[in-house]
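Single chain ahead, by itself, as structure tokens, in the form predicted alone.
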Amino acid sequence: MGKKYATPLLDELKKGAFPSFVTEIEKAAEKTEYARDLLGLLEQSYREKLTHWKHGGIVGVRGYGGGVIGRYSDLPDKYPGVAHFHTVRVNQPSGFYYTTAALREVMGIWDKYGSGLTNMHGSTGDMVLLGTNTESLEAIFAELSSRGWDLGGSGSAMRTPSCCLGKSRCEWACIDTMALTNEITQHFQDEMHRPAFPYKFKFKVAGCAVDCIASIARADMSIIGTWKGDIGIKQDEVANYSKTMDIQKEIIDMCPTGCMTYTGGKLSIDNSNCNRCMHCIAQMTKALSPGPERGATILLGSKAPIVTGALMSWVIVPFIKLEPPYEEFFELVGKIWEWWDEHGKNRERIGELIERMGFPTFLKGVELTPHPAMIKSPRRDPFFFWDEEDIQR
């Protein structure tokens, strides 16, 4: 056993009703020097209110420029177990479905070469393996890949696509999220493993507007299932819901477009004014259902506040069928990346580039036709400047 550290500050985090990451690190510390020294380093950081981690950039394995994130301590002599503490991202299966055998397989490899600590899952989606040294990376990759696993994305590359569980469990899913996510992953292998973008690019696929995977706030490209046509209504089930809920208060008054009425025990919907937000369907699942023609809305540009402020995605394609082999979708992605590559600055996300150059410029660059659904908010002034080509007869 290696050195055991006194950790009075970390011990405070074990108190209370909720599980503690400190307890889990202590379990790993019974087996590995990585975790033992991690406890000592964290205690010192808490005591000094100063981080002792350095970001080491991307540490590659043979043939891959992404998938491993370098982490180094600035106190390697005092805590040799975390002198190197690299993060390995493992590409998760679509919908986050694992067998226990698959999990034990990965954990066995990780216990052999790393700290045994994991993050299930990272915000990108990957299974995150926390803490190993540079010398072990090739061996970890070799064992993972020989068993059918692959590294995820990192750096200025396409990040590992992720999705909700879609049609495998959810009756609301308007697209096959898992099939599309797998197709994106396979189609863009080079873009995921060999960083060549101005900065990161994330895909997230949601089966419907409930957006359980929060794609609209966390993905450069959000793909959200939707429909065309009228919402299906079963009035007998509406009558059943009226016995347990206040339909006027909980459904009608909360409709964002005011397109619903409830009179005489009958629910009516003005589908021409419905924005398909899914609130009514999510609350009355037995009475209401999405319309018959299913597809997706594609949005672009969300990000967290790093260089500039946070952005939410906005619509670039109001409706697309999204059926195999997805040729129209892949063609659009190629145009977007080409425009981004031509005009983007270093470490500039696609949403930031659109804000800098303007949405009309973006639409022209990727050959998309303007549509009212693309408007984020009404214009604040009465002036509009026409391009000469717009007024040519």
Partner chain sequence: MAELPQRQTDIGPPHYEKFLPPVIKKNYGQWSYHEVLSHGHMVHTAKSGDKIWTVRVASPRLLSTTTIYEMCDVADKYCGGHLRFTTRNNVEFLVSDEKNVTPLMEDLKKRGFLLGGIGDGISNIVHTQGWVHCHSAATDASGLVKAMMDEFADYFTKTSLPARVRIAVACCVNMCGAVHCSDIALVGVHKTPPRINAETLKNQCEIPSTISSCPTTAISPDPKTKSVKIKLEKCMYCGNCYSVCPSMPIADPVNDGIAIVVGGKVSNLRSNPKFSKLAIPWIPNNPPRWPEVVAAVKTIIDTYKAGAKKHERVGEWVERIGWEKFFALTGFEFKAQHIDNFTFARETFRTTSSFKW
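From a predicted model like this one, the values you see are computed outputs, not experimental measurements. Residue numbers count along the first chain shown, from 1.
The next section is about a form of this same protein that is not shown, the form predicted in complex with its partner chain.
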Close approach of Leu363 to its partner chain in the predicted complex, 4.5 Å, heavy atom: yes
Pro93, heavy atom within 4.5 angstroms of its partner chain in the predicted complex: yes
Its partner chain contact at Glu33 in the predicted complex, heavy atom, 4.5 Å: no
Any non-hydrogen atom of Asp236 within 4.5 angstroms of its partner chain in the predicted complex: no
Heavy atom within 4.5 Å of its partner chain in the predicted complex - residue from Ile252, Met107, Ile269, Leu75: Met107
Interface residues of 25-48 toward its partner chain, as seen in the predicted complex [heavy atoms, 4.5 Å]: Ile25, Lys27, Ala28, Lys31, Leu38, Leu42, Ser45, Tyr46, Glu48
